[in-house]
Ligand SMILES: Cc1cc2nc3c(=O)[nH]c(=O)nc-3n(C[C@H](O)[C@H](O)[C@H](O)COP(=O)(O)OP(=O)(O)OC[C@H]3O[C@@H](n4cnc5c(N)ncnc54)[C@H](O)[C@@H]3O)c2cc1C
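The form predicted alone is given below as one chain in structure tokens.
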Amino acid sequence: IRFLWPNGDSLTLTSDLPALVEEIGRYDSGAEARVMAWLADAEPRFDLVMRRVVEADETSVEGYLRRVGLSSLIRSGTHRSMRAQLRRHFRSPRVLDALGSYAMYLGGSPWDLPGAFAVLPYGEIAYGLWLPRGGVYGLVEAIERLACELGVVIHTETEIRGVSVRNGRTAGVETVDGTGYGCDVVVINADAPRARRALLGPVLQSRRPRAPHMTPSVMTYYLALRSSPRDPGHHTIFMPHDSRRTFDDLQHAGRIPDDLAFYVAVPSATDPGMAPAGGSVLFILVPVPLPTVCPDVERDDFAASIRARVMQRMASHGLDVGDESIAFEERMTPREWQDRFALHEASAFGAAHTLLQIGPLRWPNRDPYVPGLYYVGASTVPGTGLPTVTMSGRMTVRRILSDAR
């Protein structure tokens, strides 16, 4: 992953250890000792966080502490911020900003997220970044094939009107055309807070888990180019000059940052088959405040103004994408993300991972008021991100099987 700053500074994180030390050494003295100490510290904490802290599926604080152990939480760094955890090994603001930017994988700020999440950059460096053949949607198609082989019947383009509840427990679902499907268990994969409000009757709305604090929205652009940008790389993060101010604008002030941070992916740089011969595909993701706190996100010219700022910044680094090179372009605004994927408050990353919204304090994967109703996805346990929501599915399956015994 390459990081670029407005003044031309750059930093590349890689699994090539000598190259990583050399890159860190351009900004932090004693880089070899710092990197080796960080890796040695992060390896056992990564295993601790991913296998013990994250996957502990307990609905009470007492049960969670008993299962995880207070000493494990302290060793994971949960009691300090992600930024503070990283500062135990590095001093350069550039290095700290680059490693801390992984907080946005969870839609958070490194100054707000618990230090346990400082293992995220380690996990990427230690285990690498992997692209399914045909892109991420190839993973969706593979899961569909496996499900069908196991006898699962998938109904596409079937809108659900509501979850049927009889005698206080789940009885099935009803589609908008009135078709009913009876079942003892319903698993909701749409964003839990919004789905519950939309799919359960008004009586049950008065009995629901506490509404969570949500992460920011995103503005996304999808471009097919007739050529390939100069030295594109697969992953590039365009960093702001002042990371803390940008994160504060997004997370707390509810305003569009003057100094945008955004992510650009060129998956065809890794898999040329994802684009026509000689061409490339470009994905741009710009975190923006929630529409509920920033009315500017709803302006008619919002998408165009953000696009102009992004293209200007990319051009300043030599990644010029002229209109004549664009064969196809599509975009999705925060409200379009909300409507297409049933996102609560147009939040792209689900419920925030603050200290009071992780573990047993997060939206549960089993509805506390409607037996037989379960949740998977970013807003429930354990949290957001592709690996984590995959774990969410596994944890919910375990919960269902345990309840059935």
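Start at 1 and count along the sequence shown; that's the residue number. The shown structure was predicted, so the numbers you read here are calculated from the model rather than taken from an experiment.
Beyond what is shown, the protein has a form predicted together with the ligand; the following relates to that form.
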- Message: Given a 4.5 Å cut-off on heavy atoms, tell me which of 346-354, 361-369, 44-52, 62-70 is the interface stretch with the ligand in the predicted bound form.
- Response: 346-354
- Contact residue in the predicted bound form, from Val218, Val186, Ile237, Leu96 (heavy atom within 4.5 Å of the ligand): Val218
- Message: To verify the annotation, which of these, Leu11, Met395, Val389, Leu20, has a non-hydrogen atom within 4.5 Å of the ligand in the predicted bound form?
- Response: Val389
- Residue contact check: Trp111 to the ligand in the predicted bound form, 4.5 Å heavy atom: no
- Message: Using a 4.5 angstroms cut-off on non-hydrogen atoms, would Tyr181 count as touching the ligand in the predicted bound form?
- Response: no
- Flag Val293 as yes or no: does it have a non-hydrogen atom within 4.5 angstroms of any non-hydrogen atom of the ligand in the predicted bound form? no
- Query: Pro382: heavy atom within 4.5 Å of the ligand in the predicted bound form?
  - Reply: no
- For 334-367: residues with a non-hydrogen atom within 4.5 angstroms of the ligand in the predicted bound form? Trp337, Arg340, Phe341, Ala342, Leu343, Ala348, Phe349
